[in-house]
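Next up: a single chain in structure tokens, the form predicted alone.
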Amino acid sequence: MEKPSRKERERKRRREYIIDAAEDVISKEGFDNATMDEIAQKAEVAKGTLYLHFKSKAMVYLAVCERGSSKLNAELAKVITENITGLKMIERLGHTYLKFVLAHPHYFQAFNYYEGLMNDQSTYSSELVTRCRENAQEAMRYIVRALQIGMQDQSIVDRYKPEELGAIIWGASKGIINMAFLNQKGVDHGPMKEAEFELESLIENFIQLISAALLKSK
């Protein structure tokens, strides 16, 4: 394989530095309030240089999503290699996901932003969207693989398709975390308006409920 040129290496370093700056600005300001000017200033690059790497703020945020989902998958991959039952893997995957979004809430918001673009044909075919989609599919494969292992070692009920169970777990976990973040921000979101709970305890209870539902009776 041909070694990247010095110019290419420098371009990659600058791109990563811009994403670093974007993460910092978006974490503090939120995506809606963050501006390309602020990101360029934080990255210490000219605004024109910023636009050479990313055509819009949306593309910057997708780059944040791609980075975050890659980091998350690296953590999830470690769980799949552990010598534990499939049921324990599902629990460990849940705790790993919880720990990750608590430490990096801006990544979770970036994941949601990416999913919101699925009906936007102008961005759907972009390289960044493709990589985000591939990372999401990889994360789902880890969940499905843990379920398959659990069905094989008889720690998980085997009367359901692992792909369907994986989709249920994935969708429900994202919904629970979304609801908890809205609650933390004091957002009025209907039936949960009067509820008081902590994100961590809510997800922990969700993991335990899923574990109990998957447990195969001896």
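Here the structure is a predicted model, which is why all the values come from computation and not from measurement. Numbers for residues come from their place in the sequence shown, where the first is 1.
The following text describes the form predicted together with the DNA, which does not appear among the structures shown.
*asked:* Counting any heavy atom within 4.5 Å as contact, can you tell me which stretch out of 145-153, 33-41, 66-74, 160-168 lines the DNA in the model of the complex?
replied: Stretch with heavy atoms near the partner: 33-41.
*asked:* Even though the partner isn't displayed, in the model of the complex is Asn178 close enough to the DNA, meaning a heavy atom within 4.5 Å?
replied: Heavy-atom contact with the DNA at 4.5 Å: absent for Asn178.
_Any non-hydrogen atom of Ser27 within 4.5 angstroms of the DNA in the model of the complex_ = It does not: once the DNA is placed as it appears in the model of the complex, Ser27 has no heavy atom within 4.5 Å of it.
*Check whether Leu52 has any heavy atom within 4.5 Å of a heavy atom of the DNA in the model of the complex, and answer yes or no.*
Leu52: yes, in contact with the DNA in the model of the complex.
*Decide whether Arg14 counts as a contact residue for the DNA in the model of the complex under a heavy atom distance cut-off of 4.5 Å.*
Arg14 belongs to the contact set for the DNA.
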